[in-house]
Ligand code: NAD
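One chain is shown next in structure tokens, namely the form predicted on its own.
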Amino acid sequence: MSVQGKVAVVTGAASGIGRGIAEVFVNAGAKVVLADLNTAQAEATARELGPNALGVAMDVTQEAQVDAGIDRAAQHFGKIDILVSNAGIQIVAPLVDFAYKDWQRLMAIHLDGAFLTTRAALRHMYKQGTGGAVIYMGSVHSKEASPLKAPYVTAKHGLMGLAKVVAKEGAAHRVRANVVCPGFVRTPLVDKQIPEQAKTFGISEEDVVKNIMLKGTVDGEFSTVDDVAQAVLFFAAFETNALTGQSLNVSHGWSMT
């Protein structure tokens, strides 16, 4: 089980979990394409990671930009073996107050983005004939629900369904699809939610962390970026259809389904 010499495309890779995944892959001997809306930051991060990393501009909601970015990745490194569909955002609000434009934006990034990047990557993987791995960044909210997160929960559940379809369609081409489901990871995405939820629920930020975010864990601990990245690496390196259409929780027991 190794990703040595493999080429991985990671979306949302300029910061947070995506950047952590890119670093772990490079350290494991893979070549990594960091795709992100923030082109400058993606390119800067790629320079930091060295010659086996490439930063590309990619708004995952734009079909032409996704296809161009994936094609550039394949041209630069010669192939695509792994796709990590990680790009995502979070917007929290009660369902009755949720703006439709915010619902559409979140769905577009999480689901349209996963579809477009998967389709583009599969076209290369199928043509290459050497197999591949598609890993979706799900969440404990792929299996559970929380207040204020209607579109996020819906989108993350949707990724589970997409992974299962890709697993079935890709099997003949030795392409596997799996989902990593983190609990709360202390990233800017999570930090932004703390004051938002404190305001909505009328509680302190400390209570949000202790009694909402970490209440369901077995030890009151956040998962780390490296915890998640190592789980992604495991799925990427597993090379047979014995492990496909599956999900793996990285949540300190927050979800055990």
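Quick caveat, the model's predicted, so the values are computed rather than measured. The numbering used is simple: start at 1 and walk along the sequence shown.
There is another form of this protein, the form predicted together with the ligand, and it is not shown here; the text below is about that form.
- Using a 4.5 Å heavy atom cutoff, none of 120, 131 and 170 lies near the ligand in the predicted complex.
- 185 is the sole member of 107, 153, 185, 92 with a non-hydrogen atom within 4.5 Å of the ligand in the predicted complex.
- Of the residues 175, 137, 74, 116, just one reaches the ligand in the predicted complex with a heavy atom at 4.5 Å or closer; this is 137.
- Shown alone here, residue 217 lies farther than 4.5 Å from the ligand in the predicted complex, counting heavy atoms only.
- Heavy atoms of residue 30 never reach within 4.5 Å of the ligand in the predicted complex, leaving it off the interface.
- Proximity of residue 17 to the ligand in the predicted complex: non-hydrogen atoms within 4.5 Å are present.
- Using a 4.5 Å cutoff between non-hydrogen atoms, residue 46 does not count as a contact of the ligand in the predicted complex.
- Here the chain stands by itself, but in the predicted complex one stretch of 201-209, 22-30, 47-55, 60-68, 60-68, has heavy atoms within 4.5 Å of the ligand.
- Scanning 18-43 for heavy atoms within 4.5 Å of the ligand in the predicted complex gives 18, 36, 37, 38 in sequence order.
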